[in-house]
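Here you get one chain, nothing else, as structure tokens; it is the form predicted on its own.
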């Protein structure tokens, strides 16, 4: 029985209007900037404007895909996030009207920490396997936020990645099998009453490494490829150095010789965007994929390893094959422009944005017009979020 190939037909990235250079944060904290530039591999982090949230950046990521391909046969929209704007209504429904999606569609929000985007991707693949004529829009969008002066503060960031999943994809074919691992671990979480996450850094690093190793072991038990068959490895990147740590741990756990050059060859091209955008939770893995496709030499026909991790915790290891002609469908210039066009903040302005509190009284509150991006949160009124397209 021949199965129809399914995978990523188009991929688009968006981030926020503002960014903070880690040199500014280092000066404020009285440390050498290389503690961040080299120690965790982060140089800048995207910061949301007052009129930006996950809906506005998700819409900015999705709009170019719809402009290129239209909305025909998009009968499912899956938005993965752990920084949702409502406890009941899916953020994807706000986006639905902003970007002109059809009414004849199922629209859902998915949550499992940073793993949610991969859940959306795999759910989409299953829907298309059942009906290859359908297409699914999967969006991963998050704004990573930690308390000021906390160890997690330098690992903040924000981004959205939108992917059009289809049969006979132009960019990347998803391969089988997948390796899976889940465990109930309190390494990172955010109770409903908090706006910033709680993280146990050491526990989280150890949990990530163990989960990646266990997902790999399950992948091999299911008949997956050998490590040597992959041209590159895309990891979830809460900070870019975590990808290097995780890959070293995986290689050593399987008895492979490890040297810096081997790890760099497998990882470097995946980290370029995350290094300057920061952690984007559900979007992080797929921003790493975009970075790899935009920066690596020709990958046609090559197998890529995708290692997804979400604290709490769930991990998945799966393979994907780069399709012939993929470069014709990339958005390299637009991706770079999204990063380079950000406005840099001084520390006081960053702190003001960080500490802003959303109104809760139900009155009309106009939102300061700051972002130059195509969508914005214009007001909150009667406990309703009001968005506008530029």
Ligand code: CAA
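All values reported here derive from a predicted model rather than from experimental measurement. Positions refer to the first chain, counted from 1.
One more form of this protein exists, namely the form predicted in complex with this ligand; it is left out here, but the text below deals with it.
Location of this ligand contact in the predicted bound form, chosen stretch of 252 to 260, 212 to 220, 309 to 317, 97 to 105 [non-hydrogen atom, 4.5 Å]: Stretch with heavy atoms near the partner: 309 to 317.
Note which of 146, 181, 123, 244 lies within 4.5 Å of this ligand in the predicted bound form, where distance is taken over heavy atoms; exactly one does. If I apply the 4.5 Å criterion carefully, the residue I get is 146.
Between 93, 296, 264, 205, only one gets a heavy atom within 4.5 angstroms of this ligand in the predicted bound form; which residue is that? After the contact test, the surviving option is 205.
Using heavy atoms only and a 4.5 Å cut-off, decide whether all three of 34, 114 and 238 touch this ligand in the predicted bound form. Contact check passed for all of 34, 114 and 238.
In the predicted bound form, is there a heavy atom of this ligand that lies within 4.5 Å of any heavy atom of residue 224, even though the partner is absent here? Outside the cut-off, so no.
Just checking whether residue 344 would be counted as a contact of this ligand in the predicted bound form - the rule being heavy atoms within 4.5 angstroms. Outside the cut-off, so no.
Can residue 286 be called a contact residue for this ligand in the predicted bound form at 4.5 Å between heavy atoms? No.
Contact test in the predicted bound form: residue 110 vs this ligand, heavy atoms, 4.5 Å: No - in the predicted bound form, heavy atoms of residue 110 and this ligand never come within 4.5 Å of each other.
Would you mind checking 147 to 162 for residues with a heavy atom within 4.5 Å of this ligand in the predicted bound form? Read in sequence order, the residues that approach this ligand (within 4.5 Å, in the predicted bound form) are 151, 152, 155.
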